[in-house]
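Listed next as structure tokens is one chain, alone, in the form predicted alone.
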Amino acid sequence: MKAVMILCSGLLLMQVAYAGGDPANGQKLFETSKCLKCHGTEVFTRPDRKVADLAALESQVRRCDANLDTNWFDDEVLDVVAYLNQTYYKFP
């Protein structure tokens, strides 16, 4: 029972982290980064895209952050995730 309570608490905290992103700041970060030097926005709208949920989107943004050496803080990563989700992905 205790393990179930801890698991549920963890899941609730994960939702809060995703909900806390600021899409307006994410848009600024996205537009001033090197994201669009590697690809255009078509990668977000392709029917065969590999990103299937918010967790995968965050993982991809973190991968791009590391590869492009943007050095975003965790809250900035979540802002970019919120922007991309609001603009392109529309995950619940």
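This structure is a prediction, so every number in the text was calculated from the model and none was measured. Start at 1 with the first residue shown and count on from there.
One more form of this protein, predicted in complex with a small molecule, exists but is not displayed; see below.
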At the 4.5 Å heavy atom threshold, is Q27 in contact with the small molecule in the model of the complex?
no
Indicate whether A55 is a 4.5 Å heavy atom neighbour of the small molecule in the model of the complex.
no
Answer with yes or no whether T32 is in contact with the small molecule in the model of the complex, where contact means some heavy atom within 4.5 Å.
no
